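Encoded as structure tokens, the following chain is the form predicted alone, with no partner shown.
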């Protein structure tokens, strides 16, 4: 092999090496670009919403409901609230927390510096628990009903991936964590739901029944802890606020 031929072979080998080196890098770059394309969470929630809409896993609830109540708010929310089940107003409007308790929750959110559209709100149950004909008020969900409906909420949380979860009332806690306890034992401190910080506080309906300033202040102190965990600035007015 003469010197010119040797040079040609070396040049060809170098080109092959350079091409093989570039190819993996190009593939990795393309893969990285694909990984950084964030999925549209609203699109991911849509098929779950449709499955909920036609769900008949609890035949007695499917027969008695006006419509299902999936959830409402910002799919990209940092903060997500979880209640227990729709009431009569929610069953009529198809949106969680729109009755008197919902109006109080909206007031709490406003005091925190949020609009309803900024957070995500959902319930353990997507159907209003059926009540005997002629009866008034709302029925507490049964453990079986909560266990049956819970997977829908789990999917919602997995897609939304909030930084902080707030459970409103002991029934919501049971639905999320599978544990029972008194609110005196549970509220006011941090828990974890699958690695997500979980704050437990009273349901707004409780505050409508119990107007004691001390109970209202407890809920607000819980919300201040939520703001701190979200690293939101807290004004002096907010620190001294009573619901």
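Positions refer to the first chain, counted from 1. The model shown is predicted, which means the values in this text are computed figures rather than measured ones.
Omitted from view is the form predicted in complex with a small molecule, to which the following refers.
Heavy atoms within 4.5 Å of the small molecule in the model of the complex are found in exactly one of 92 to 100, 149 to 157, 70 to 78, 106 to 114, that being 92 to 100. Interface residue remark: residue 187 is not counted as part of the site for the small molecule in the model of the complex, having no heavy atom within 4.5 Å.
In the model of the complex, residue 145 stays away from the small molecule, with no heavy atom inside 4.5 Å. Residue 85 belongs to the set of residues with a heavy atom inside 4.5 Å of the small molecule in the model of the complex.
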